[in-house]
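Coming up, as structure tokens: structure 1 and structure 2, two forms of one and the same protein chain.
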Structure 1
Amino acid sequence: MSDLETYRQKAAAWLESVAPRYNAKVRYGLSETENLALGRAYLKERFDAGFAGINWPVEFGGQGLGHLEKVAFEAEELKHGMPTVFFGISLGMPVPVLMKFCQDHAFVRERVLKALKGEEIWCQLFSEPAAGSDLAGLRLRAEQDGNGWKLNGQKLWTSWAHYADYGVIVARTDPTVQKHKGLTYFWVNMKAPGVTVRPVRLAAGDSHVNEVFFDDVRVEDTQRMSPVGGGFGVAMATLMIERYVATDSGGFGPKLDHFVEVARKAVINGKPAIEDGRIRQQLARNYAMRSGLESITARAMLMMQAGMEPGPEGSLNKLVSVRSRQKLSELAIDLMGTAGLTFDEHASHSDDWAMSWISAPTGRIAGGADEMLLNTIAEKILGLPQDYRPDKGVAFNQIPA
């Protein structure tokens, strides 16, 4: 038996032992606050058992193992529907970026340990009412104030900001230069004076995203995570991670096994739908696609472990995974007939076809809209010429608003 298989069996046994306290059946019908408390308890127990930060450095409280062990554990964890949704963004993007770019080692270690134990949550403050797909068009200002900065402006679509203790944020520090060059990256205390968080209700019925207002919010220069004017590069590193995380955190929607179950029960022309060539073709295409994207993700994670930057292939991951999820969810709903119209706002897009379908448009916007990802794929992967940009080479404050 390989070391990886031994590790998988150890993880599976531990998850089986704790699942009766935390799984989806236990949580069904609980309030969001109750689910969050359960999630914090689960993360603490996961940390104590040695399954937190599996491929993170030991110096920051991780296990120092590889990406394969991480994937093996998460595959087993996914089977039980554990209460990790509140912490997915926190542990998937802001905290890894903090480990890479923040220079205060003692601060980083404390924050990472608390995040791994579920004691603290981080959010990512990028999108704005007039900027998101075009992140470099953001308008939230950071103006120098003594030996620090003051933040003024608004962010939008910030997941779990209402529970977040800290966040990473990109702000405009110089409007007189080209838009990509006037940005700076900070971390911010979400409990600081002047921070206001207001939930936004989505079509699927949940309110996990928020609009966040900053009114003279003070940040010290030690909270700066990029050179002044060099924030766009750190933001892109964050987004590249997000685009790989899209598939790891349920971007595909329900597992293909669930689709097979639907196809076996549904009937087409008097026979089980699973026997129809068109249905089998969709299964084969989705299996091949998921396997290919998982391989791209595995390679990217190995690159990051080796200290390299994740590549633009993350745009391909995110674009294809969420698009295919929307199409396959629609097909599953069609096969289910009237039963497919049943909607449960407490269900997860990872195990419910209706929720997967209705929440897919949100997924196609978060982390970069389809159109932006297509541009990235065309330019960075295929080497095609860049789209015409009338704002290229123009100072930000000279671009018509």
Structure 2
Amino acid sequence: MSDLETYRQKAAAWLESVAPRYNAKVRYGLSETENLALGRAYLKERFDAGFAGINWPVEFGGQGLGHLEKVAFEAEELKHGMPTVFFGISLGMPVPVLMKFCQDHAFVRERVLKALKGEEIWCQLFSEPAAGSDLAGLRLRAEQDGNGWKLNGQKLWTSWAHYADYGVIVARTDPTVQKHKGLTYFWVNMKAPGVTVRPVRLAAGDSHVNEVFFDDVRVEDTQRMSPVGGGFGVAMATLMIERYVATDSGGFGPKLDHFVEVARKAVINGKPAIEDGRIRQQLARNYAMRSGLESITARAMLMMQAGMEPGPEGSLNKLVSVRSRQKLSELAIDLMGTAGLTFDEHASHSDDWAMSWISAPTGRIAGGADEMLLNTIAEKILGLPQDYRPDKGVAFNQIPA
């Protein structure tokens, strides 16, 4: 047995041992506050068991292992639906970026430990009302204020900002240069005076994203994590860290077995749905799509194990899987008839078709809209031209409105 497989089994055994206290089933129906409390307790246990910060440096409190061990653990953890959602962004991007770009190592170490134990949460303040896909078009200003900075403006779609202790933020420090050259990257204290967090309710009824207002928020120059004007590069590096995460060929919707269950129970014009060619075709096509994505992932893991750089095809998982989940969820609801219209606000998108369906649009937009992912494939992988960009080479404050 390979070392990785041994590690996976060790992880699986530990997860199995704590699952009865934390998994999706036992938490069913709990409030968000109760879930968050359990989430913090789970992270503390995970830290004590040595499964936190798996691929992070030991000097910062990590385990010093590889991406493979991290992904193996995550894949096992995903099976249980542990209460990790509040910490996904925090540990996924801002904290790793802090380790990489913040010079104050004592401060970083303290933050990393608290984040790993679930005691503190970090958010990522990138998108704005007028800057989503076009991140470099952001407007929130950072102006010099004595030996520090003053932030004014608004962020939007900030996940878990309402629970966050800290955040990383990209701000415009110079509007007179090209848009991506006038940005600077900071960390901010979310409890600082002038920070206002207002949850935004999404179509599914939940409010995990927020709008965050900054009114004369003071930031020290020691909180700057990029050169002045070099923030876009650090922002891109933040998004690149996401490469090594467990993927799901079902787009984080219900498993295909779940669809089979629905189809086995359903009847179409007096005949079993599972014998209906329309249903069988969708089942077959979705299976083929998922097995292709899983093979891509398995190959990438083997390449990493062999010390090679995985191919760019790993980037199509989200594009392909989430939009398929959206359509399959529609089909499952159809199959269930009016019973499919039942809505349970406590249900999870990973095992309930209605919740999967109504929350799917978020998946197709957050972390790169389908159209941006297609642009990335076309431009970065295939070498096709960039779109026509009237803002190119133009100072930010001269871009036609």
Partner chain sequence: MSLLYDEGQQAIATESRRIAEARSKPEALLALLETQGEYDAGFWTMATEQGWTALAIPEEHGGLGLSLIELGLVAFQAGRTLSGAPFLTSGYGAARALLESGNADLQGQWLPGLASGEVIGTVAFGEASSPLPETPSVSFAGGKLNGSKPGVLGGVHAGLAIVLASDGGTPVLVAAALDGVARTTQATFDNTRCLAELHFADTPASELARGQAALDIALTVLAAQAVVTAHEQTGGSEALMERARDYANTRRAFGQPIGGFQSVKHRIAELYTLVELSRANGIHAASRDGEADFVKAAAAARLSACEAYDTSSRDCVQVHGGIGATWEAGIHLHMRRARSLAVEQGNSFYWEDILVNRILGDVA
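Quick caveat, the model's predicted, so the values are computed rather than measured. Just so we're on the same page, rigid core means the largest C-alpha set that superposes within 1.5 Å between forms. Counting starts at 1 with the first residue of structure 1 and goes up one by one along its sequence.
Between structures 1 and 2, only structure 1 derives from the form predicted alone.
Residue displacement note: Asp276 has its CA displaced by at least 2 Å between the two structures (rigid core superposed). Core-superposed comparison between the two structures: the CA of Glu34 stays below a 2 Å shift. Taking 2 Å as the criterion, Glu371 counts as shifted between the two structures: its C-alpha moves by at least this amount when the rigid core is aligned. Relative to the superposed core, Phe259 has its Cα moved 4.8 Å between the two structures. Superposed on the rigid core, the forms differ at Ser356: its CA is offset by 2.8 Å between the two structures.
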